[in-house]
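Here you get one chain, nothing else, as structure tokens; it is the form predicted alone.
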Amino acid sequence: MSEITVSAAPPLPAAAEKFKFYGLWLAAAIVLLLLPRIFGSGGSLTTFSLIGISIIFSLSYNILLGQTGMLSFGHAVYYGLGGFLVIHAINILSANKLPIPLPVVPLIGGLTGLAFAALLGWVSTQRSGTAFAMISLGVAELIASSALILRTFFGGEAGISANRTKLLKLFGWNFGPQIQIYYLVAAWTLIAVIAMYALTRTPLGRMCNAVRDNPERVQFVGYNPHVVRYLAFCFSGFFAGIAGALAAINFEIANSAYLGAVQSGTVLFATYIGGIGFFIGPIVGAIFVTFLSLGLSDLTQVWQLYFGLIFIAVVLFAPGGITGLLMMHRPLLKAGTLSRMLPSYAIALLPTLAMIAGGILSLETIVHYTVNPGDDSHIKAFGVSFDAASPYIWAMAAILLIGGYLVARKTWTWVGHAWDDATSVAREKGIAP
């Protein structure tokens, strides 16, 4: 009598991984629901809404840069056009009393971004690299200049405004209070993030990575790199349009700033600073850049200068972004050797902070005499008041900057040695590559 083999149940690790995967999304949804309970002020809700919009925008940009390897200087085109179309749509819907609630309206912005990406993308994606970057810059300047010429559609410098509360109410919500807008942005953020993550797991997402790494081999195996780039461009424009629509709904206005180079530069900063090599990188970058821009603008008049310096520092010293730095420590954490790094980090932190303080002091005094030479020399930056004309301030800035640099350079050498030791131990345990 033949034995009957009973198929075993799925292995526990696979089930555990699946539970962990869905648990992360469930945890994210719970956090989004509970945030207003913890931080209920109007300013906090506005900040969270801006972060959600920035997350969608940054992830849409990473479809181009991180996933497909296309550097764009004009991604704000699809963000801005999505915002303008949504403002016009709100005005048309409210004027004709059409039964369409506000939560559906961001889809109009997404379809607008998709339509213009499909229209402009076929030519733009014929080439990658420098050619694509220059084409995107030219298209961005063309659309941005048109915003000041075509006043009927774009409204000139004043822009176009709308009243979101005039649309059909949904479950009694008219989306006037900021907390209702927060939940609208949070819902769309979660949906868009899940959709973009799912896109990276599809064959198209894998082919985008292949086109980024080796387009010649992709063509050799029978795929057209141009078509892959074009499809990625269209998806990117769709999600950028959703982000622009949510921004227009949040502020109830769309103006030429939505289409400008500053908007395109900001999303590039957020995506790269967060880390283009990881899916969560743009999310981290969007959170960091939003808080940084809101915080620095209250602390100093030249916050854009610090913004640029941070970006340069990331490009030079941490090309993997914030997420890349964190992921570098993951093998050490698994191997239990991360504690070996902490003393060297603590030693290097003090002179590094001194160097940064000296740099800030030098910049603030130089900017004062360059931009406002006739004003009172007593200025305030980062909550500290000082006399920019005092020789003691100049001497302190020089000592902190030069002395901090010399000491920090030595201490970071110790950090490098400690890193090599910790990595060697992790490698012996078969954890670090």
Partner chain sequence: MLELIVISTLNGVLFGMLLFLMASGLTVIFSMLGVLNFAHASFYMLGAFFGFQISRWLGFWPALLIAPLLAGAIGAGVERYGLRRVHRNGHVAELLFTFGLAFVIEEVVQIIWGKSPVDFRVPALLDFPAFTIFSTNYPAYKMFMLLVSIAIFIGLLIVLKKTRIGLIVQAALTHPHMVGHLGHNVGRIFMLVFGVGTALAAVAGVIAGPALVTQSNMAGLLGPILFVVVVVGGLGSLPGAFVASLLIGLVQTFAVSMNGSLSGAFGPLSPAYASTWLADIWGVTVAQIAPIMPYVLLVLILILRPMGLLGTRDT
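Because the structure is predicted, anything quoted here is derived from the model rather than measured. Positions refer to the first chain, counted from 1.
Another form exists, predicted in complex with the partner chain; not displayed. Remarks below refer to it.
(message) Residues Glu17, Phe238 and Ile287 are flagged as a possible site; in the predicted bound form, is every one of them within 4.5 Å of the partner chain by some non-hydrogen atom?
(response) Per the other structure, none of Glu17, Phe238 and Ile287 touch the partner chain.
(request) Consider Val371 of the chain shown here, and say whether it contacts the partner chain in the predicted bound form, taking contact as heavy atoms within 4.5 Å. (result) Yes, Val371 sits close enough to the partner chain in the predicted bound form that at least one of its heavy atoms falls within 4.5 Å.
(message) Considering non-hydrogen atoms and a 4.5 Å limit, does the partner chain approach Val367 in the predicted bound form?
(response) Contact with the partner chain, yes.
(message) Is Phe311 near the partner chain? Define near as a heavy atom within 4.5 Å, in the predicted bound form.
(response) Phe311: contacts the partner chain in the predicted bound form.
(message) When the contact criterion is heavy atoms within 4.5 Å, does Lys334 count as touching the partner chain in the predicted bound form?
(response) No, Lys334 sits far enough from the partner chain in the predicted bound form that none of its heavy atoms falls within 4.5 Å.
(message) So if I measure heavy atom distances to the partner chain in the predicted bound form, which of the stretches 183-191, 166-174, 352-360, 126-134 falls within 4.5 Å?
(response) Within 4.5 Å of the partner lies stretch 126-134.
(message) Under a 4.5 angstroms heavy atom criterion, identify the one residue in Leu142, Ala346, Ala95, Val104 near the partner chain in the predicted bound form.
(response) None of the others qualify; the residue that does is Leu142.
(request) Taking the partner chain as it sits in the predicted bound form, which residues of 251-286 have a non-hydrogen atom within 4.5 Å of it? Please list them. (result) Residues within 4.5 Å: Gly265, Leu268, Phe269, Tyr272.
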